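We begin with a single chain expressed as structure tokens, specifically the form predicted alone.
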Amino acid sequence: MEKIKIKINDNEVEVEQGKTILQVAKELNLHIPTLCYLEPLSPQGACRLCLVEDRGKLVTSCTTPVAPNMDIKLDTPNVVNSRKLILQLLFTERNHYCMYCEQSGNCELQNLGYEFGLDHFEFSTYEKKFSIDNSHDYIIMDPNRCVLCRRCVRACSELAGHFVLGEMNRGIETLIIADMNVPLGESSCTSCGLCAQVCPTGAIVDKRSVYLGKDVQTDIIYSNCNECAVGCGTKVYKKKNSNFIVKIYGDMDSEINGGVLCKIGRFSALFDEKPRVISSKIKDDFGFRKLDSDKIMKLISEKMDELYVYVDGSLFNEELELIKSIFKDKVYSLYPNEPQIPSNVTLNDLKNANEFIVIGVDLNREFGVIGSFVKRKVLGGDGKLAVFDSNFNSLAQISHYTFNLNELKDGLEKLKEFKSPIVIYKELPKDIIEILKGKENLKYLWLPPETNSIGLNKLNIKHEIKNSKTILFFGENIEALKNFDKNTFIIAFTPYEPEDLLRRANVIVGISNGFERDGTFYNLDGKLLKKEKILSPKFETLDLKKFLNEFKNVSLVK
């Protein structure tokens, strides 16, 4: 990019043409206050706090590109006084009594007040009250705290692709609204929560984290979400010296998701109320009785010659490798884990594509971030979408073409304008596979059914059901255990204890869940990702890797 010379605070510098004054200042480690600006959202210069002076004229630094011969001054009396006036107007426009706000301590507007020494209101304040929207399961919207920076609106459309939030009215009466001004809880919101993450004040907050602690009272742990095979980058806020998570944010620097999360990754994972296995136990004629790890090892050793081992895709690579090293060729996947048509595109290809065919999977419900990538192209007017599904699919509301799955053959013939679409699928019937294989212009993105399905494949752990007197199961999804013969002796290593498991398993061994252990897994792109341990186990659960290593050593001795 061509270099040009400009002056900033009387110092001549050489900068890249095309960048904004704010970008150049950041590169030079020069501070310019901002409020509505947030990378990677498009700048709009709405708050005016990033004003600087160029040859006597005030300009917004976030939207003004550098040009030859600019003479920029960042902190003249005119600039500083203008910023103070803008701050006074922002503070007095609505309810910004910080002492009564949950965001006090985390608020960017409050920080600016401290930076510019505001200690009183110069104008009458908070003369009009707006109704608070508490209709959403996870989010509260309080227009009285809003500074109309529109970060939420831009994030909802430009990043998350949902286009739910907008605005109505003008001037001081402007309100952020959902859809056509319906309560957020009744809108088309998918609960991705990005609006709450980017809000600089207390106007949009997530209910769970309210009053649980300010950011300075938390440890921020960078990790990857293991709720599905996308593997989004996350920032987990854990309360210091405690054992609970305050909130989960999307990592804006993550190449996978760029800050976007889905409802499951941001909220549902923190509302996990599934019953946990609190200690290991064995069933006898009178019910379950407690079992220690030595007896578990002895029991497995006694049944070693007659057992098969089943795993699921919730396990990390290190755990799967240990299981394979101990039980060798007796290890199988409890669920199908191979693609019916292999992927030949990546997530980056998907982000840059313009034609999508979604078959038999509701992306809003199961793979929200993949849904965001598709929706921001389609609803942004730069993409075409066709949905084939036999069931209700929420994407049908925005698709250009909607067909029943049994109309696939004729439906594909009608998509003449689709030159080289990406087919997004999770599971396909055999007849559908044959139809698709007859089309040479299609590209494919397989959505693995489990988080680490790719890891199972890489370790050559196949899906196959064997008849056996005894099976060992390691994992979280016990659904398929019901398919085994009722006389099969089942030893289940699992973190959760639903009723089905209590009825079917003979031995239940509690292990840590996803937040309580660390490990690696492969996402749907085949990238090796790390899940960090966030919490300490709450119950008498086994450390699976430690147990397997000890069992391996005992087996070797014998």
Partner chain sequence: MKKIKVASIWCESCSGCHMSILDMDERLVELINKGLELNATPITDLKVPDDDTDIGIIEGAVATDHHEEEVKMMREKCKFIVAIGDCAVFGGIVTMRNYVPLNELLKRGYIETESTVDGKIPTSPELGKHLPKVKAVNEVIKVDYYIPGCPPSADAIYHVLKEILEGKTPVLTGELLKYE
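Positions refer to the first chain, counted from 1. It should be emphasised that the depicted structure is a prediction, and the values quoted were computed from it without experimental measurement.
Just so you know, the form predicted together with its partner chain exists too; it's not on screen, but the next bit is about it.
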| task | Work out which of E127, D284, E306, D329 lies within 4.5 Å of its partner chain in the predicted bound form, going by heavy atoms. | result | E127
| task | Report the residue, out of G475, G233, G113, P143, that has at least one non-hydrogen atom within 4.5 angstroms of its partner chain in the predicted bound form. | result | G113
| query | Where, among 95-103, 286-294, 368-376, 457-465, do residues come within 4.5 Å of its partner chain in the predicted bound form by heavy atom distance? | reply | 95-103
| said: Within 4.5 Å, heavy atoms only: does F418 come near its partner chain in the predicted bound form? | reply: no
| said: Can you work out whether H120 and its partner chain are in contact in the predicted bound form, taking contact to mean some heavy atom pair no more than 4.5 Å apart? | reply: yes
| request: Indicate whether K469 is a 4.5 Å heavy atom neighbour of its partner chain in the predicted bound form. | output: no
| query | Looking at the partner-bound form in the predicted bound form, is K73 within 4.5 Å of its partner chain by any heavy atom? | reply | no
